[in-house]
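First, one chain by itself: the form predicted on its own, in C-alpha cells.
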Amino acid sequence: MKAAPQFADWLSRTNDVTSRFIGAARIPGLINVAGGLPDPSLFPVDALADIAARAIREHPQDTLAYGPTAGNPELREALAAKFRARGVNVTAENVLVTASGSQALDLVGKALIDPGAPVACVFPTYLGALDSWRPRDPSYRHIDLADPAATRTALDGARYAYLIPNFSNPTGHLVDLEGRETLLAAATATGTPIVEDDPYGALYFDGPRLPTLLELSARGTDGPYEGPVIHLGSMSKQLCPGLRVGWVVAAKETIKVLSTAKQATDLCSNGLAQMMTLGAFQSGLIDAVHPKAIALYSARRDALCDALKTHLAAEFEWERPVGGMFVWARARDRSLDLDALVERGVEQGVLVGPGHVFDPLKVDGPALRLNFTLNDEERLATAMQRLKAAMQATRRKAA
C-alpha cells in the first residue's frame, strides 16, 4: 500500500472557479460569459508564425537556449522605451520579464509577504491575485478610495496595496484621477508600495486615457525612477495569452529582488515567446491589432449591456464600463443564492462568474462578473436570455 503524501494546508483553501471558467469553453453548447477570455479571431496567426520562424532561424541562441533570468535584454529595453515615451525615466534595469502577469503576482507575493502580513486591496479584486498569494497566507484590508483618511489607514503598515485601476477585474471599474492621486498620497505618507496591475490598460473604448499610477508617481522627478509603484503588464490582452509574456516595471532595487525570486521559480522565461513579443513590437503588429480589438470589444460591451437591460433589468443593476472586458451586475435581491444561480445557469446553457469569489471580505453584495469579449453579439443576447431562465428556475427551487 502506497503512503499518501501530506499536502500543504493552503491547498484545502483554494478554489476551482478559474479552471471551471477556462474549461467551460469545451462544453458543447454552453455559452461562457464567466472567464476573462479574448476573442481568438483577433490573434494574428500568420504574422506571429512568420515572426517565430524568423526568430528561430536568425536568433537560435536567444530563442532555444537558456536566457537571462530578468529577460531578453532587447525586449527589456523595448519595454523601457515605451514607458519613457510616457514620461517615466526607466531603463532596461527597471524591467523584469515574466511568464505573464500571473507569474509577476506570484513573485510579488514571494518577495513581499510573510505569513499573516497585511495586504491592502480594493475589493472586489482579481481572483488570480488571491490565488497567487494564498500559499503566503496574508491578511487583507479593504481600500476605500472615496475616503482619503480610510485609504491612508488601510495602507499604513501594509506590505503593499494592490489594485487594477484600469477596468478592474472583476468590476470593470475605472479609478478616476482623484482616486489615483488619493492612493499615491497615502503611499507617500505611509511608505507603502503600490502594486498596479494593468492588463487592460490598452482597452479604452470611451473617453481619454488616464495616466497610470506609475506615470503619476514619476511626474516632477529627476533621475531614474525610484518611486513606490510596482507596475505589472502583460501581452495576454494586447496580443494573445498563449505567449505567456508579462513584465514588471519598478525601481531597480525592487527588480533585483523580484529577479532573485524568479530565478528560484523558473530560472528564465521562454526565449521564443520573448523574441516573438519583441518582433511584434518592432513590426508594429501590436499597434495593428489594437483598433480591431477596440472596435470588436466595444460593440460587444454595448450588446451585453443592451441584453441585460432587455432581459434582467428587474433583477440586476450595473454600470456600462468605458473599457476592459467585464460588466459587474449587482443583484437587486441581496439574498440571492449565487451558487444556485450559477448551477441553474449551467443547466440552461450559460456559465456566469459568481461575485463572492472575488470578495472574501464581503465588501459588496451578491453580484455576477460577466465577460463580453469572447462571444459575439448574438451569443451574448442568447446568454442573457438563458440567465433570465436560470433566475426563474432558481426562484422556483427556493420557493
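When you see a residue number, it is the position in the sequence shown, counting from 1. Quick caveat: nothing in here was measured; it's all calculated off a predicted structure.
The form predicted in complex with a further copy of the same chain is left out here; the points below concern that form.
Using a 4.5 Å heavy atom cutoff, none of 352, 358 and 360 lies near a further copy of the same chain in the predicted bound form. Residue-level contacts in the predicted bound form: of 110, 141, 320, 84, one residue has a heavy atom within 4.5 Å of a further copy of the same chain, and it is 110. Shown without its partner, this chain lists 313, 177, 267, 288 as candidates; in the predicted bound form, only 267 has a non-hydrogen atom within 4.5 angstroms of a further copy of the same chain. a further copy of the same chain is not drawn, but in the predicted bound form it has a heavy atom within 4.5 Å of residue 276.
Interface membership of residue 296, defined by any non-hydrogen atom within 4.5 Å of a further copy of the same chain in the predicted bound form, is ruled out.
Although the partner is absent here, residue 333 sits far enough away that none of its heavy atoms falls within 4.5 Å of a further copy of the same chain in the predicted bound form. Proximity of residue 306 to a further copy of the same chain in the predicted bound form falls outside the 4.5 Å heavy atom cutoff.
You can rule out all but one of 143-151, 87-95, 201-209, 256-264: in the predicted bound form, only 256-264 has residues with a heavy atom within 4.5 Å of a further copy of the same chain. Looking at 120-136, the residues that come within 4.5 Å of a further copy of the same chain in the predicted bound form, counting any heavy atom, are 126, 131, 132, 135, 136.
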